[in-house]
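Before any questions on how it binds or moves, here is one chain, the form predicted alone, in structure tokens.
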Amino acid sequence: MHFASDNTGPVHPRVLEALTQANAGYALPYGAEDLSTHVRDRIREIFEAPDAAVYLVATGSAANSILLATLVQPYQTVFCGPLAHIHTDECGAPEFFTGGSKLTLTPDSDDKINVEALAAQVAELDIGDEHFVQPGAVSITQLTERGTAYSLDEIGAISDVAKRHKMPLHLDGARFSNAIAALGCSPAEMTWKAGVDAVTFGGTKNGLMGVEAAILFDPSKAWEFELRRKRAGHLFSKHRFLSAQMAAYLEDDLWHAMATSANTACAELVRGLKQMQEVDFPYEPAGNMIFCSFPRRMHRALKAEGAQYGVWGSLDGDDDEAVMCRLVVDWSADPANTARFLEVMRAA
């Protein structure tokens, strides 16, 4: 009963096999090998963006931070939600890599930036006054940190505000594939066709050992990204081991199949949870992540049986008092474990 994080799940066997194959013989370093060229071309094909600049790094923090550093100046601000990953989980990396660009937190609804609030915040900036921070970029997280998803129309509306003020839109896609599977759209439709300028196409949370693709739809930014990636220490010498993972991920749309598997398993867990009156959902799950609350006695029973998941609060106290938790389902989820989890809850 492992629902702590999709980071805790195993690497897909096809990815491990690809790494073994890549380990044979010699290959040029720093992304100059043929496999890297294949990966870049394949990502451009999937995103329907033949001119996009595509780069691989090992972590989502690096992808997000170097992309933002490429998009904004130190005297500008990046608008994001209060729970955005770049604000809550990056230890100040975006501010560090951008040279001090401020993060401006925009009010949200269901963990999604409120477009009216964003427009009002930008309007309040004294644009052109040297005493004030200037508008730099907007960043959204998809899926969000609470498991909800921006619709294509919502992304487009946020992009419209950004473009009116000459700001690029960045999409943190650590769970990009889960969002695509949930919305039933194409990568192009959820990115540049909706007004996104740069995206982190995540793989680590979806069955890879450790690789993310940073994609810039404006190729004029490519050289700056390359310099910043090198300066940040994220240009791998044995780059083929990043490329091998991503190549396996893209082959036969494994990325989509794994995300669909995780989402389907999560939906089954949601159905079981919603049959229990004492379980409350503050956010409607869209992909593979659930936030819900239920009584401590259920939590205690689950923990006693070895269930692993995040709890937002103490389990000491009244048995009947509800406590919030996070459940994340990965591509390898076993239906038997989901059934066992629900069984323990019902018994409690």
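The numbering used is simple: start at 1 and walk along the sequence shown. All figures in this text were calculated on a predicted structure; none of them were measured in a lab.
As for the form predicted in complex with a further copy of the same chain, it is not shown, yet the points below apply to it.
By the criterion of a heavy atom within 4.5 Å, residue 184 is excluded from the residues contacting a further copy of the same chain in the model of the complex.
Interface membership of residue 229, defined by any non-hydrogen atom within 4.5 Å of a further copy of the same chain in the model of the complex, is confirmed.
Interface membership of residue 30, defined by any non-hydrogen atom within 4.5 Å of a further copy of the same chain in the model of the complex, is confirmed. Proximity of residue 156 to a further copy of the same chain in the model of the complex: non-hydrogen atoms within 4.5 Å are absent; the residue sits far from the partner. Every member of the trio 19, 130 and 240 reaches a further copy of the same chain in the model of the complex with some non-hydrogen atom inside 4.5 Å. Proximity to a further copy of the same chain in the model of the complex, defined as a heavy atom within 4.5 Å, singles out one entry of 46, 301, 323, 58, which is 58. Out of the listed residues 218, 89, 251, 110, 89 is the one that sits within 4.5 Å of a further copy of the same chain in the model of the complex by at least one heavy atom. Note that among 137 to 145, 121 to 129, 192 to 200, 272 to 280, the stretch whose heavy atoms approach a further copy of the same chain to within 4.5 Å in the model of the complex is 121 to 129. Residues are counted as partner-facing when one of their heavy atoms sits within 4.5 Å of a further copy of the same chain in the model of the complex; in 189 to 210 these are 204, 207, 208, 209, in sequence order.
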